[in-house]
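As structure tokens, one chain now follows by itself in the form predicted alone.
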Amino acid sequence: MMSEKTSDVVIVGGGVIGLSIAEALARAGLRSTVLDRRELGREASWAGAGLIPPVAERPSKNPAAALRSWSARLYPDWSARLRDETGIDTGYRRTGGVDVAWTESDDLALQSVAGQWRAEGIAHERLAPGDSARVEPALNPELRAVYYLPDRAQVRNPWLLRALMAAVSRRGVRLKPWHSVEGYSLRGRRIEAVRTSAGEIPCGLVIVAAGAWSGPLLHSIGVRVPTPPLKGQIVLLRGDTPLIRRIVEHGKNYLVPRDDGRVLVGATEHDAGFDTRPTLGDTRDLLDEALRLCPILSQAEVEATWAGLRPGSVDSKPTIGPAPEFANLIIATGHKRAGLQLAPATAELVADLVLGRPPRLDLDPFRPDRPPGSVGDDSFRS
């Protein structure tokens, strides 16, 4: 798709998706310009927990699951390369995790998900009653069911974002925070320039990867790709020593232990428009959940709480591909709760499109003009 000057690639959105695309293009020798309405990487990418799912050993017929597994497979080498190039540790760790159930309905839901893991060849073990302490001593012994997934991993998203910014800067990518997009200059089926709060930027190719803000930015030029914001709040705990060892998941909630004794407790899901203010009610609910799952967390202090806006889509699958309305517009958005985990694969697919290579994964299920269909893959969250 790329036939213009390489310096004319403009990426709208400086979160983990936009920066990862810039990094993939830079490795291929293309220098892009990355725009963001505020500081780079300070929206959903910074607010997330950085959960990375296990790699599936068998291919899945679910396209979203295939994208998820490919991205997880890319993560170790991707993180190591960023560390080697920049000296910044992304915090990628294979810590393992447990999925737990309190009730019979929870248990039945987990058994169904475990069937998906089995079909994909994802290592997991249903622990015998009373055996959970072998894997995670901090777990409440009253839990009805515990599944252990040894290959679950995590990344420190603020560290990853810093590494990406350092890597692309070294390769000549122009990073432009505080450049909010106000419109586009069009000529027929082409975008000739991106109009920003700091002036107009000519472009040969535009990539919109602006998370929850992508929908409104595209709607202004007649491209219909809804990205409804989904608010998620997290509470950060801090202990003098590490209090839990594994990632703990219960439904939509999770506990993520960091090496330094911190624990992320997340995450709520609310349709709240573009309001990112944390609430006392959500803080209370998250803390109640954390203490119920791992009572030892009562020893921790509450260090901070924040909220971010995940970009939704019509069917919970991300939108990745060329916009049919324009000859030089690519869209990469709508990753919902999986932006951090899907960033490497999304970047590689967009790079394939830009460089004119056959995409390494079928993009038809993710194309911007796809009809609403089956929902995406919610087996793992980030």
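In this text, residue numbers run from 1 along the sequence as written. Since this is a predicted model, take the numbers as computed values, not measurements.
The same protein also exists as the form predicted in complex with a small molecule; that form is not shown, yet it is the one meant from here on.
Go through 139, 309, 173, 127 and name the one with a heavy atom inside 4.5 Å of the small molecule in the predicted complex.
The residue in contact is 309.
In the predicted complex, the one of 206, 98, 234, 163 near the small molecule [non-hydrogen atom within 4.5 angstroms]
Contact check passes for 234.
Tell me which of 41-49, 61-69, 353-361, 322-330 has residues with heavy atoms within 4.5 angstroms of the small molecule in the predicted complex?
Flagged stretch: 41-49.
Counting only heavy atoms and a 4.5 Å cut-off, does the small molecule in the predicted complex sit next to every one of 181, 213 and 267?
So, yes: the whole triplet contacts the small molecule.
Using a 4.5 angstroms cut-off on non-hydrogen atoms, would residue 337 count as touching the small molecule in the predicted complex?
Residue-level check for residue 337: yes, a contact with the small molecule.
Is residue 12 part of the interface with the small molecule in the predicted complex - any heavy atom within 4.5 Å?
Answer yes; at least one heavy atom of residue 12 falls within 4.5 Å of the small molecule in the predicted complex.
Looking at the partner-bound form in the predicted complex, is residue 22 within 4.5 Å of the small molecule by any heavy atom?
So residue 22 does not count as contacting the small molecule.
Does any part of residue 35 reach within 4.5 Å of the small molecule in the predicted complex? Heavy atoms only, please.
Yes, contact at 4.5 Å.
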